[in-house]
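Here's a solo chain for you in structure tokens, the form predicted alone.
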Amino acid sequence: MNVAVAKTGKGRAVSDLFTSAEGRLPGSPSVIAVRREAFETYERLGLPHRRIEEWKYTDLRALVGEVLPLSAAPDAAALKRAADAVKVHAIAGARKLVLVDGVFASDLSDVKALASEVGFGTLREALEKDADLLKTASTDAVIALNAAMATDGVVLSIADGTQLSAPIQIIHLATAASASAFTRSRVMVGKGARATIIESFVAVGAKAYQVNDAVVLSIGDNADVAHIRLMDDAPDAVNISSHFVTVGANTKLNFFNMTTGAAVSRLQGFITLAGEGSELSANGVNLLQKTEHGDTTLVVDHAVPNCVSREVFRAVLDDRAHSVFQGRIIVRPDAQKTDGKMMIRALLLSDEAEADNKPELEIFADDVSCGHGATAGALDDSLLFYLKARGLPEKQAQALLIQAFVGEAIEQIADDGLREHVIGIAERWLERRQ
């Protein structure tokens, strides 16, 4: 039987967008060929929908509908607004790498200060000679679309034994309304290196925009890496991010994600523990309100023996917000002595809020210690009564309990300054709720 894919009007619009944008996309002829192949994959699959198991709770066809046109390169006015935003959102002491509407902004970045410790380049430059930066093994439609349309990103190489003197903050700023930005970054951390990488997504007056970002992170043996992701896009924005992480032997990776904005967001992470003796701590907090939809989908692949993974995720939902957590721990046949644990908790502040938690274990080895759990519930009435009986207004009492609820995940951030910064984000969200 022959099967033909019928294109809708929206499908034709996306095809036209790729054709019109092709001349603006960087890369050598071999890169353009990879882009066309990736777009054909996306065109064949279309936006993910609920009949795809991994996207069951985040139906992009229903929630998003179509991909917006590619954003134009930022003009002088956009860069001026971005510069003002950097002053507000830059983390003290961090070295900044700024992307504005999907384009690297060197004048807003600390390239010279970074160059003394880190090899730096942009995706736009790298694609003139290396098509591999766009290749992934995944057949996911949004990942394929990212490969087809990525305009820029940062390429970082941290040499063996390097101990970064300051965190690196990659700041994504959106200034263009009703447009899409496609970015992809590559970070290589050498053996024995120590680094902190922060990603921030921020709206600069833009509305109804879309972000499709990808990060490819490889970490060598005996390294220690913290990866902090802070997403605070516009209330009507769409943010889809994909992470591909490979961890070497005897390495520690501490990952944290906080989502406090965007109408629709999804972080999908694929982490492979490829070296023995490694430890992964993956934690996150979703703070959602109104009709916001936040999805965290994480696959942790224990490919070798003697590795440890811990996952702690918290979601706080108000109004008609919807939080999704899909976590899968895979233990390969040779990965004996694996120790993997996962716990997801959701706090519902409204009867109309929804939390879908789906923890999974796929175990193909027999000498392991693995477990998972998921809960959902409301604030404890007895604790609320206790606090109100001592003179606290109800909203303030709720805020204290919510802070305690998300605290377990936030406390996993080792750096004191970064932890206080994240606590401040949570406190500002609670203030807006009041």
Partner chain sequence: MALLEVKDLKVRVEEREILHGLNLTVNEGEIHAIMGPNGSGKSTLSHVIAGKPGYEVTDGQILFKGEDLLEMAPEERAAKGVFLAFQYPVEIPGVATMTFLRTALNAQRKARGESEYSTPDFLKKVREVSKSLNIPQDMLKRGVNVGFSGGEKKRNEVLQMALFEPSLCILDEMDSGLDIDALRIAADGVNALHSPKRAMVVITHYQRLLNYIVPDIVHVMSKGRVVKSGGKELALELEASGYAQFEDAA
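Source: prediction; values computed, not measured. Numbering follows the first chain given and starts at 1.
The discussion below concerns the form predicted together with its partner chain, not included here.
- For the candidate set E40, E394, E54, E66, a heavy atom within 4.5 Å of its partner chain in the predicted bound form is found for exactly one residue, namely E394.
- L401 is the sole member of A365, A33, A378, L401 with a non-hydrogen atom within 4.5 Å of its partner chain in the predicted bound form.
- In summary, the region of this chain contacting its partner chain in the predicted bound form, judged by heavy atoms within 4.5 Å and restricted to 401 to 409, 45 to 53, 369 to 377, 23 to 31, corresponds to 401 to 409.
- The closest heavy atom approach of A389 to its partner chain in the predicted bound form falls within 4.5 Å.
- Counting a residue when any of its non-hydrogen atoms is within 4.5 Å of its partner chain in the predicted bound form, the hits in 371 to 386 run S382, L383, F385, Y386.
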